[in-house]
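Single chain ahead, written as structure tokens, the form predicted alone.
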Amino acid sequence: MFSFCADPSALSDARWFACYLTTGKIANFYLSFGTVLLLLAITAPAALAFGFAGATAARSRIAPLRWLGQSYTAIVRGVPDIAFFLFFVIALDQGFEWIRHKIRCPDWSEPIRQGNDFVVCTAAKLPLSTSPQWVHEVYGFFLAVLTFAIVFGAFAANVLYGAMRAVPHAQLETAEAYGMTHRQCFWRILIPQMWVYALPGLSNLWMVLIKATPLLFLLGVEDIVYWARELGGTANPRFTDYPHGDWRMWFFLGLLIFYLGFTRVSELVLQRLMNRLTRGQATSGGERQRKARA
């Protein structure tokens, strides 16, 4: 904030905008972009881990494990995303509190389910009412990340499962004929080659994940959509230190430019990664590279 910002009504347009764009409220809007990028940075590998576990379980030789993996992908893929996003946040929160309740309050005699209420002892609450605000925000963000990872992990599992099946089975049989164990064939033959087949599907999933980040707003996290709506509007006096008209169109236009630019950068990076993975491979991408060099 500049020294000349004490009286907004006496400022010229340039100085007014200079003051407006450096307020603490606007700073929260800038920081919310970091929240979205942090969500993507954590969720992408977490969802990939869930997906790899689900795909591995779906092709397991152990029937119960195979059924579990197939059920995970089928259930999550068959229900609208918004329903799971709203369900998992509540279910995970109550599940964590139920576990803490059993550990911290073993002498509790009242039922936890009391009609529509979920009642646990004070020590089992997550987070505690005495915790600072940042703890509440971090906990809400953690639940959101876990929810994103579970939902998108199911889609990743389906992509990875299909990629594993796309690797020529003759290569696995040849490896076994040379004396490699099933585990060695899995890690040394199947996994290194499946990424070429999985990357197109994972690339699309990454784009969908980027487009799904505004759902943070519905999960109670103060993301860029939340701040754009609040700062662009005029209804809430807490966000109008510098009164203005309805600027939501301009704020959301900024979000449009941000998402378009981010997806374009993602496309370029993913294309370079695909070129790297298909180099020398017996795939359509590898064949195109061979013909281009010829």
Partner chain sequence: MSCWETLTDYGLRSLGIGERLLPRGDYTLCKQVVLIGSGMIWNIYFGVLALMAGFFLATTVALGKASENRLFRKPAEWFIFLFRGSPLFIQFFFAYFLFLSLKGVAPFFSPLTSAWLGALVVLFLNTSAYSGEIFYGALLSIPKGDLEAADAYGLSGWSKFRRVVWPTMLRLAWPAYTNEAIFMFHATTLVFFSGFPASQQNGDALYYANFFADKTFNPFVPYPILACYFVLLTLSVITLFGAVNRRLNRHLPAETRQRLRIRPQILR
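Numbering follows the first chain given and starts at 1. None of these values were measured; they are calculated from a predicted model.
The same protein has a further form, the form predicted together with its partner chain, not shown here; the description that follows concerns it.
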Though its partner chain is not shown, can you say which of A49, L255, L65, L38 has a heavy atom within 4.5 Å of it in the predicted bound form? L255
Give me the residue from T181, Q94, T174, S71 that has a heavy atom within 4.5 Å of its partner chain in the predicted bound form. Q94
Under a 4.5 Å heavy atom criterion, is R264 part of the interface with its partner chain in the predicted bound form? yes
Going by a heavy atom distance of 4.5 Å, is Y161 a contact of its partner chain in the predicted bound form? no
Please tell me whether any heavy atom belonging to L215 falls inside 4.5 Å of a heavy atom of its partner chain, as the geometry stands in the predicted bound form. yes
Under a 4.5 Å heavy atom criterion, is K211 part of the interface with its partner chain in the predicted bound form? yes
Taking its partner chain in the predicted bound form, which residues along 151-184 bring a heavy atom to within 4.5 Å of it? F152, F155, N158
